Each structure stands twice: as structure tokens, then as C-alpha cells.
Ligand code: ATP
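A single chain comes next, written as C-alpha cells; it is the form predicted on its own.
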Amino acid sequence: MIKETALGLGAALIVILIQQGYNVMPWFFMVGLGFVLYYLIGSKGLNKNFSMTDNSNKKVERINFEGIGGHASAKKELLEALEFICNPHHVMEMGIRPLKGILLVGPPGTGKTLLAKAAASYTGSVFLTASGSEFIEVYAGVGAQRVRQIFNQARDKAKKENKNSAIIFIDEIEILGGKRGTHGSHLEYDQTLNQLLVEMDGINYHEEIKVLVVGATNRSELLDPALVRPGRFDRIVNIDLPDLEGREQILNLHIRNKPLDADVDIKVVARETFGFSGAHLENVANEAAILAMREKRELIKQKDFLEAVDKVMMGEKMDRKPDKEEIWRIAVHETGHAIISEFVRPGSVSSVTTSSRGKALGYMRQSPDREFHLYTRDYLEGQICILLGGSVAEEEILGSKSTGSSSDFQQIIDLSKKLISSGLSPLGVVSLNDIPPDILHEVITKTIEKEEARVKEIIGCYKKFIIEVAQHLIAREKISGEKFRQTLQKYKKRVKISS
């Protein structure tokens, strides 16, 4: 009622002023400008409300640490850091300084946000979440205001819910906490970071409401040193890609509500998903169920999971079909990769296919027998051999190479440079940036020529085998690693590989 009355009086005043001969256009301009500024800075800026997840609400899915597979060491470190919220008196008796901040560092999709939500559930805290990009605006002072706001909101919400702790989760914190002085004349970034530093310094252990800041990033090298020092982000928890055991745990969590056929072996699926994050593994389980539903089956089979692995890794099958000559070249190329892979690391081939997925016209997928954390010279040289196998097979059997090997060659150059930078080349321990270009080119060329000679020796002895497998691929599009090895045994002969 008051709003309508004010609008009516304003309109009447404008009519009277116009009748009296006053120019009201400047007033219209000023009022319009005020509304624009209020919208841009007020409703979209200073009054920005951050999302809050209250884990006591039954409508919100409760996440606990038992429901997060893998990451045993990361969960242990995080649980230790949460003790000052759960058992503050015991912590004080031990003379332990409670932590103000925990930084979760790891690749995308590894579960950093899930761990932060589990921490809120574990401690019974109010949970506020925001992205680093939400703090940054073109208007000076807006980011700093938002930082103050989220800390005040955390304390207010905790009091309102009768809780004694709050967790503030900031995803993509490298946007908010990037190194100062790297943004040119845009001081808004530095002001926002300075305010976050002040707020974290102001966290008092003896306050009624205990506040813990949890940050997440996959670019920790971009963070300002003042932010990651002890007293602010006291503990840095690395959330790496899961190992074989972790992948099996994650897959088991995601298949609990799915009807599985008796032939499903999750251990095999875990081996096939080397390098997958938790998000990738969830997608594998979901895509496997979709494939089964697409074929109108009530149970998910092992073949659905293996097909889902290919789909998640490479993308959906493409409608485009190369002509017969191109398909034959692709089949020879991928078989060349596979046979060298079996000689370098027996049992490593998972499947070979000429199906087009994403940007790949065909591919050979490997499943390593163990997880590698360090790479020896023999391993890297073996990888170069495998990458060379496709182009050498094309040249030996078809008489020429093709542009299909361009991505292989780029990986070969990267591996050769890794050999040099790791001190595993004839140059010894050197700085890659200080090597003259001609010497670098010479060492890379000699490395490739040496491995290419090994590959040609193997390919030359197994031309008939490659042709037979390629013909199988033309007819059926795919061959499993087990079938490939069985066929290889028929042609097995002694091949002396040059050292």
C-alpha cells in the first residue's frame, strides 16, 4: 500500500512540475541512473547471497566419509584437522593450536567438494559454499564486501541454527587467492585477497562460533604465498587420482543401486579405468546402466561397463564412416600399436577397435598391470616404441605413412623431452631450457631413430599377423586383448629386440 501511494504521489508531482514549466528530464536521468547502479552494485553486488547447505535438512542428501571411496590418507588428514571442532576441550588440553584453514589440492573430479560436505556433516556444522569467481567484480570493493559477508553469514547462520561451528567452502580459490601483483592495474583482485587474509587472521579459537575455511583448487601454484602459510591455510591435503584399490571402492559405491548381471567383475573394470577420477567412475557406472536400458535389458552386463569405459574415455561413437581404404589403414595402424605394446609390456592390451569416437578414428586401449608413480628410461623408451608402432606398421605394410600419426608424433617428442629433462639421455643432467635448439633436435632425432629400428624389426617379422588382425577388425570393428593375445601365440617366434 505504501509503495503504491508513493508511486502515485511521485507521478502527481511530475505532472504538476511539467504544468509549471519545469524541465524534469535531468531528474528522470538521475533516477534512472540510480536504479541502474542499484541493480548492478546492489542486487547483483553488495547484497549477493551465497548458497548454504544445511546438513540437518532431511531434503539435502547427507554425505559422510564412509560414502566417499578411496582417498584413505586424505580422509585421515582431514579428520585430524576437524578434531578441533568436534573435541575442542581435548585439543586445548593437548596444547594444540586449532587449524583455521584446510586446502584441498587435486585434479578436477577427485571429490574435493564431497570431502568438504562430508566434513560439515561429520562436525554438524553449518556449511556455506561459494566459488572464487563469485567474489570478483569490476567494481572496486565489491569482492572485499562479499568476503566480509560470507564470514558474517556463517556466524549468523550457526547462531540461528544453535550450532557452534561453521565451515566455509571456497571452490576454485585460485581465482580469489591468486598471487598479488599479477593482475596488472586491476586492484580488485588484490583487495579481495587482502580482505580474505584479514578475515582468516581474525578467526578466534575462543569464539562462540568456530569457523573453518576449506579451499579447493587444481592450480595450487597460482596461490599467493601469504594465503597458504601456517596460520591461514595450515594444512594442505592432496586429493590425487584414485589407485586400483580406490577405483574399485568408488565403483562399488556407485553400483549399489544398480541391478547387475552375474558376469560383472568390478575388479576388471577398475583395472580398465587407469587414470580415471571419481567423477569419471561415476559416469562409467551411469553410462553402463544407460546402455543396458537402451537395449531393454533389466540387468547390466560386463560388456556394458567395458563399452562405458570407452565412451567416457573417447566419447560417443560417431556416425561418420571412413571409406574402405581408410578403414584398412586405421586397422593396420592400431594393430601396429597393439603388437608393440604386447612386446614391450606383455598383457597390456585391453582392446583394439576401428570405431570412430570423438576425434579418434580408431584406438588401442591399454590396461597397465600396476600403477606407476616413477618412470624409468626403459619405460619411457617403451612408450615411444608403442607410439611408433602405428606409423611403422602403415609404412611396412601399406608402403606409406599418413596424418593419422600426427598426435602420436607429438607425444613421442614430449616423451623424448621428458627423457632429456630427467637426465636420462646421453646429455646427462641438463636444463631443457638451456640446451641449444640444434643439439636438442639432434638428441630427439637419435632417440626416435633408435626406437624406430626396434619397432621395424618386430613389425617386419609379424606382417602376416598384423594383416590377419586388421582383417578381423574390418569384419567386426573390435578385438579384445585376450583374443588378440591368443591370435598372437600362433605367430609367436623369436624376435631379437635391439637394446
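All residue numbers are counted from 1 along the displayed sequence. Model, not experiment: these values are computed from the prediction.
There is another form of the same protein, the form predicted together with the ligand; it is not shown, and what comes next is about it.
When the ligand is placed as it is in the model of the complex, which of 104-112, 82-90, 157-165, 303-311 ends up with heavy atoms within 4.5 Å of it?
Only one stretch qualifies here: 104-112.
Even though the ligand is not shown here, does I458 get within 4.5 Å of it in the model of the complex, heavy atoms only?
Close contact is absent here: in the model of the complex, I458 is far from the ligand, nothing within 4.5 Å, heavy atoms only.
Quick one: is R329 in contact with the ligand in the model of the complex, heavy atoms, 4.5 Å cut-off?
Outside the cut-off, so no.
So in the model of the complex, does any heavy atom of I68 sit within 4.5 Å of the ligand?
Output for I68 is yes: heavy atoms within 4.5 Å of the ligand.
Exercise: K179 in contact with the ligand in the model of the complex, heavy atom 4.5 Å
Flag for K179 set to no.
Candidate from E248, E199, D171, E381 lying within 4.5 Å of the ligand in the model of the complex - any heavy atom
Looking at E248, E199, D171, E381 one by one, just D171 meets the 4.5 Å heavy-atom criterion.
Between G390, G278, G143, G362, only one gets a heavy atom within 4.5 angstroms of the ligand in the model of the complex; which residue is that?
Only one listed residue qualifies here, and that residue is G278.
Would you give me the residues of 234-257 that have any heavy atom within 4.5 Å of the ligand in the model of the complex, in order from first to last?
Going through 234-257 in order - heavy atoms within 4.5 Å of the ligand in the model of the complex - the hits are I250, L253, H254.
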